[in-house]
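For reference, the chain that follows is the form predicted alone, supplied as structure tokens.
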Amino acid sequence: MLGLDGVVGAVVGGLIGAFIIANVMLTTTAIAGPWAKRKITASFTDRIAVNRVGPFGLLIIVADAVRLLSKELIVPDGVDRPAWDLAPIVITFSALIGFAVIPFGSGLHLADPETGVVFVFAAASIASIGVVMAGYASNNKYSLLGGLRAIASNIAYEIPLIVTAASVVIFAGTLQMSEIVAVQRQPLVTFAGVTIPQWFAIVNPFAFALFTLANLAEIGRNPFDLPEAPTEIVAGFQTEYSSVYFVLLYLGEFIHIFLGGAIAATLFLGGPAGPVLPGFVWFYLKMWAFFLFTQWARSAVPRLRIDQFLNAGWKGMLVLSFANLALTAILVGVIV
């Protein structure tokens, strides 16, 4: 890249790629949070939403940024300052790091390690540490409850999430993201001249449904938004945050939603595969489709109680995910 060879070229190319991906995701999040979320929710609930600031209300993005960043950063008494300061940064950057191994298509792929699936789940899981840090360090009982609920959510639903992803790994025979995408490019069946690709969402829709539900729990969207349930614990782990720290938490939440969509698209929807349009465009549309699904869930599905939430994870999702894994292993063993 840019006429540079060897290590220098790889470093420069990586930095440029990281800059592009980070800015694309930050811009996407800026559109999704202040504007798209409000417009979508308003459509579901028969309201108008933002329409006064700029065309279609788009300048609300700038207005919200200025409003939030110009607010005073209030530090409550008794907080554990190092952990309280670091928590928003940990939550935000854990999601951005996860995009390093996601194949966006059109040649945009920062890294392709042989353990890509393990890396992306490990990176996304770091956010749970940030949530716990925020809840514990805030010196607030509601924040502490939000952090504890995040731990419960993480343990109860991350296991089914990873076990379901493992069924894809068994079918593809690799942990490498690019290879998983390549396997899904193969034709599954051709009917009347139309070729249906071997997307794992088509091959195993049950696993895709399990993964989508567990993914909702991981990103904290209805009916699984217990760590920040406003009707019960004010705002949970983020109650004591304001100004730029609140912006970072809000940013981290939405980046994690798109990371969840990116993982689902890569593992089950063929990644950047699609007709006519460039691969990057298809991948971007699939991430937005997942975001629209989460906003539908937020508007249409009621929140579970904490006991229902944990029972569904431990007694339902966990059992079903292991059953799916065992069935996949048996089928692959018989076919191969």
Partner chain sequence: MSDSAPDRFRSDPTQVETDTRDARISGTDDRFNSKLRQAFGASPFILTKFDQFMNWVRGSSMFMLQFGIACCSIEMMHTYAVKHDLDRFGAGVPRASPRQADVIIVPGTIVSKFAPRMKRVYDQMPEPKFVVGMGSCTISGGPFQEGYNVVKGAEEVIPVDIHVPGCPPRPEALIYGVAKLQERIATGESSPVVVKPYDLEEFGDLDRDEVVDQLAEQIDEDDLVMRYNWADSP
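These figures come from a predicted structure and were not determined experimentally. Residue numbers count along the first chain shown, from 1.
What comes next is about the form predicted together with the partner chain, which is not displayed.
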item	value
Stretch from 245-253, 86-94, 154-162, 203-211 whose residues place a heavy atom within 4.5 Å of the partner chain in the predicted bound form	245-253
The partner chain contact in the predicted bound form: residue 110, any heavy atom under 4.5 Å	no
is_contact(residue 234, the partner chain) in the predicted bound form, heavy atom dist at most 4.5 Å	yes
Residue 188: touches the partner chain in the predicted bound form, heavy atom cutoff 4.5 angstroms	no
Contact label in the predicted bound form: residue 53 to the partner chain, heavy atom within 4.5 Å	yes
Residues of 46-82 having any heavy atom within 4.5 Å of the partner chain in the predicted bound form, listed in sequence order	46, 47, 48, 49, 50, 51, 52, 53, 59, 60, 62, 63, 64, 66, 67, 68, 70, 71, 72, 74, 76
